[in-house]
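Just the one chain here, laid out as C-alpha cells, in the form predicted alone.
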C-alpha cells in the first residue's frame, strides 16, 4: 500500500501536467478556433501586418511617445499643469539656453567629451576586436567574448563604483604606482576629467566592441592573403583592405558610443567634480525643483537631442562617403 503511493503521486502529477496540454490541444482542434485563425491569417500580407503590429506599438509607445511628450512639455510654461490653469505656449525655455552663457559650458563640454571619448574608445577597442576576430580560433572566440561581457552584466552604478575603487587615493592604481616607487604620494585621479573619461570609456567599450568584431569577422581571410601575394606588407594590408571593410562597423560603434556618452548622468556625478559638469547634470537640475522648471529641462534635453542627432548624421554621412570612396 505504501509502495504504491509514489506511483500514484507521479501519475497524478502527470495527469495534472497533461490536463492543460490536452485542454489547449482540444481548443486548437476546435471549429471556432480554426475559423478564427483562418480569418486572422487569411493572406501572407495580413500575417505580416499582424506580426509587425506588436513592435510598432512598442516603438510608438515606449520610444517615440516619451520624445513627443518631452517636446510638448518643452513649449509650456509649467508642468505638471496646476488645476484650473490653462497651458501657455512659449519659446522662452529654448531662448534661455541662448541668453545665459552659463549653460553653454557644460553643453560644449559634453559634446567635446563625447567626440574625444568616442575616438579614444575606438583606438582602444579596435585592436581587441581585431585580435578576437582574426587571431583567435573560432571555437575559442565565444569563451573570450563571454569573459569580456561578464562585467556588463551588472548595472552602471556598480561598475562606476568599481572605477572609484581603482582610482581612489588608496585604490589599486595608486598602490601599484607607489609599490613601484614611481610616486611618493597618491595622485588625485578622482573627481577630474580623467576619472570621468575612464569611467565613460569603460562603460561604453562593449558598444564599440560588438560592431567592430562583427565587421572584422565577416572579412574573408582570402582578401588579405591575396594582398600579401601581391606584395602588400602588414600595414598596407590593414590600411588598404581590412580598415575600409570595417567602416560600417566603425560607424555603428562610434554612433552608439557617442549617443550614449552625451546622455550619461550617474557616472559624471560620481566620478566628476565641479569642473567636469556635463549637460545631463544641468538638465537633471531643472527636474529636481518645482514643476515650473520642468519645461526648461525638457527644452534643454531637446537641444542636446537635436545637437547629438545633427553631429551623428554628419559623421555617418562622412563615413558613408569614405566607405564608397574606399570601394572605388
Partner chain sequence: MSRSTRIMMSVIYWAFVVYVFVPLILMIMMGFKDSKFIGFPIKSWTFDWYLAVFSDTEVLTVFGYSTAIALLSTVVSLFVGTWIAVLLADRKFFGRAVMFGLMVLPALVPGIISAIAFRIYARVLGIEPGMFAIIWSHAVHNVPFVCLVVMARLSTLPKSQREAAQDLGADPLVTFVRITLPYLRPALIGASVFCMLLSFDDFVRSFFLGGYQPTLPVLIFAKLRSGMSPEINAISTVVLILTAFLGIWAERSMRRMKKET
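Numbering follows the first chain given and starts at 1. Just so you know, these numbers come straight off a predicted model, no measurement behind them. Whichever C-alpha set is largest while still superposing within 1.5 Å between the two forms counts as the rigid core.
Below: the form predicted in complex with the partner chain, not depicted.
Enquirer: Residue-level contact is defined here as any heavy atom of the residue lying within 4.5 Å of the partner chain in the predicted bound form; does residue 151 satisfy this criterion?
Expert: Residue 151 belongs to the contact set for the partner chain.
Enquirer: Report whether the minimum heavy atom distance between residue 39 and the partner chain in the predicted bound form is within 4.5 Å.
Expert: It does not: once the partner chain is placed as it appears in the predicted bound form, residue 39 has no heavy atom within 4.5 Å of it.
Enquirer: Please tell me whether any heavy atom belonging to residue 171 falls inside 4.5 Å of a heavy atom of the partner chain, as the geometry stands in the predicted bound form.
Expert: Flag for residue 171 set to yes.
Enquirer: Answer with yes or no whether residue 177 is in contact with the partner chain in the predicted bound form, where contact means some heavy atom within 4.5 Å.
Expert: Residue 177 lies outside the contact set for the partner chain.
Enquirer: In the predicted bound form, which of 94-102, 111-119, 180-188, 73-81 comes within 4.5 Å of the partner chain (heavy atoms)?
Expert: Selected range: 73-81.
Enquirer: Note which of 219, 243, 226, 144 lies within 4.5 Å of the partner chain in the predicted bound form, where distance is taken over heavy atoms; exactly one does.
Expert: Residue within 4.5 Å of the partner: 144.
Enquirer: Since the partner isn't included here, can you check whether the partner chain sits close to all of 87, 193 and 311 in the predicted bound form (heavy atom within 4.5 Å for each)?
Expert: Heavy-atom distance to the partner chain in the predicted bound form: none of the three under 4.5 Å.
Enquirer: Is any part of 61-77 within 4.5 angstroms of the partner chain in the predicted bound form by a non-hydrogen atom, and which residues would that be?
Expert: Residues within 4.5 Å: 61, 62, 63, 64, 65, 66, 67, 69, 70, 73.
Enquirer: Using a superposition on the rigid core, decide whether the Cα position of residue 68 changes by 2 angstroms or more between the shown form and the other one.
Expert: No, shifts by less than 2 Å.
Enquirer: When the two forms are laid on each other by their rigid core, does residue 265 show a Cα shift of 2 Å or more between the shown form and the other one?
Expert: After core superposition, the C-alpha of residue 265 moves less than 2 Å between the shown form and the other one.
Enquirer: Would residue 54 count as moving between the shown form and the other one, using a Cα shift of 2 angstroms or more after superposing the core as the test?
Expert: Yes, its C-alpha moves 2 Å or more.
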